[in-house]
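Presented below, as structure tokens, is a lone chain in the form predicted alone.
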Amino acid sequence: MKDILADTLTEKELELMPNAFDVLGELLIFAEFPSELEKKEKVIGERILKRFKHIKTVLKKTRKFSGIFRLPKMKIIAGRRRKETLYRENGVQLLLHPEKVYFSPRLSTERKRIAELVLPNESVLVMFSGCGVYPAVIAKNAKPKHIVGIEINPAAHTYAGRNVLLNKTENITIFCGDVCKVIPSLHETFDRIIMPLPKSASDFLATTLIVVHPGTIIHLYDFVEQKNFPDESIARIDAIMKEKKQQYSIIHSTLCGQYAPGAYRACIDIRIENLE
């Protein structure tokens, strides 16, 4: 990026250029953009568009993830005046709008890891399913019996429905609503449950236990400082399991992406043992 802008910015300005950005389909998004470069943001964006022909819009985040749906605000600094895009990963296509749907392309490897763990004929529940990325990746890369997704954000739910049709995945059912209200109405148990809401997934673990059976695998995501991994996450899980008198075992734990200096997104893989 700095090489591309070497004849556009001064040495001091080049030092200020952010190193981190995400590419979502035809969108390039800067997570942070220094105020000192605001007067040159348009020319920066135009140089990026000229160099990378597959990028049609350059944006910067003006507000970090916030609110019940954990959504950012973004400003277009160059290119096409459109934020909706078609994103591809792991053999699936996803239509999404990054201001309306929480989405991280940095989790594509983790989503593939989960899909590769799914056994033939498994029933899978994806809580906080967003635009349907976990269901789509699992459906395309494994052979589950069926997948149920639950998403409270109406816009994300709409995109999930469109993505089910786009990928021709007939074994996915998507519900729009609060997981605490939808799960008790499902009247079934699942072989595998995915909880990709790292900020507060453990708060919903007790609800998840309504639809488990011995052998159910739960993939619970958490935010944790590297020095406290995995003990801090496991301690939270253990407190809930003891309160519910639920036997379990930890079968795997992994860090799957840094989100702040020294802090990471973690996944703890849990197996449900005998039910009380």
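Numbers for residues come from their place in the sequence shown, where the first is 1. It should be emphasised that the depicted structure is a prediction, and the values quoted were computed from it without experimental measurement.
The protein also exists as the form predicted together with a small molecule; that form is not presented, and the subsequent description refers to it.
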| remark: Note: exactly one of Phe229, Phe33, Phe69, Tyr248 sits with a heavy atom within 4.5 Å of the small molecule in the predicted bound form, namely Phe69
| query | Taking heavy atoms only, is Leu197 within 4.5 angstroms of the small molecule in the predicted bound form? | reply | yes
| said: If we define contact as a non-hydrogen atom of the residue within 4.5 angstroms of the partner, is Ala136 a contact of the small molecule in the predicted bound form? | reply: no
| said: So in the predicted bound form, is the small molecule close enough to Gly91 to count as touching (4.5 Å, heavy atoms)? | reply: no
| message | I'd like to check something about Pro184: if you look in the predicted bound form, is any of its heavy atoms closer than or equal to 4.5 Å to a heavy atom of the small molecule? | response | no
| field | Option from 115 to 123, 151 to 159, 136 to 144, 73 to 81 whose residues, in the predicted bound form, bring a heavy atom within 4.5 Å of the small molecule | value | 151 to 159
